[in-house]
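Subsequent text provides structure tokens for two forms of one protein chain, presented individually as structure 1 and structure 2.
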Structure 1
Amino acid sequence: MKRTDLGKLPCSIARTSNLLGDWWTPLILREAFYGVRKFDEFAGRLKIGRNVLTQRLNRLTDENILVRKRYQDKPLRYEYRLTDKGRALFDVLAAMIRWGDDWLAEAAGPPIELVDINTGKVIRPIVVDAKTLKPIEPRNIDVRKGPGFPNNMKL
């Protein structure tokens, strides 16, 4: 089935979904955040077909989310590292972790915990306003057209 390209819509959720909107891409990014770098490590940990992994890694490198670096010449092998743009996606994944922990965890509790390396304490991510550092509550938010919204469209 051919996917609808959402990348040109005037909506940041649509554009981000266009990039991350299959089930493998966020999992590949999760593994990259866990320190996985090599193709065979991704394939083994995710149990993903090599053709699908190749497609997703190519897309992530084309989008400058990952960068491919050669680490071996014979045979030629590459590792994949997160770029600044890729590392910025951690906020998205952390929000997904929090939501999944709150709403989908089994009785035993969350399957993983995010831990502050300095304190050893569990971190519970929240979304905050970058200026005020106050948590964002949907009931306190309104939406208006931004500078990039097309003039010929309605909100």
Structure 2
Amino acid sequence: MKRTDLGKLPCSIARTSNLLGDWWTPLILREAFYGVRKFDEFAGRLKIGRNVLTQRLNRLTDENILVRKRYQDKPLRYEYRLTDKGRALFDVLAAMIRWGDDWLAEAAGPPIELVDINTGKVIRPIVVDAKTLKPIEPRNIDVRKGPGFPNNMKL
């Protein structure tokens, strides 16, 4: 069915949702962060339709989230690697992990833990203000038009 193009709205939530706002894309990105690179690896681990996977990988490549790289010549074979833009999406996945751990995990605890390779310690993501390093209380927040807001539009 048709889908409204959210990418054009002057809102970063809409623009990001235009990209991530579907069932599979966050999970494809999760697999990419896990180190998965090849088409059949994605397909096998995700139990996703191959046509859907193809469509999503193409979309992520077009948006420069993943880059399609040849890793073998005979026969020609490609793999999908995260770009810097793609790697930065880890923060969104981390926020999803944190919220899911807090609100959807069963009594046993989180299903998965993030671990720092160097220190061996469990990492718990938290969203804070970059300046004060304090959690952001939505009740204390207002929104206003930023420099990139079109002059002829309403909030």
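For the two forms, the rigid core is made up of the largest set of C-alpha atoms that agree within 1.5 Å on superposition. These figures come from a predicted structure and were not determined experimentally. Each residue is numbered by where it sits in the sequence of structure 1, with counting from 1.
In this pair, the copy labelled structure 1 belongs to the form predicted on its own. The Cα shift for residue 87 between structure 1 and structure 2, taken after rigid core superposition, is smaller than 2 angstroms.
Put the two forms on the same core and the Cα of residue 45 is off by less than 2 Å between structure 1 and structure 2. Taking the core as reference, the Cα of residue 117 moves 2.3 angstrom between structure 1 and structure 2.
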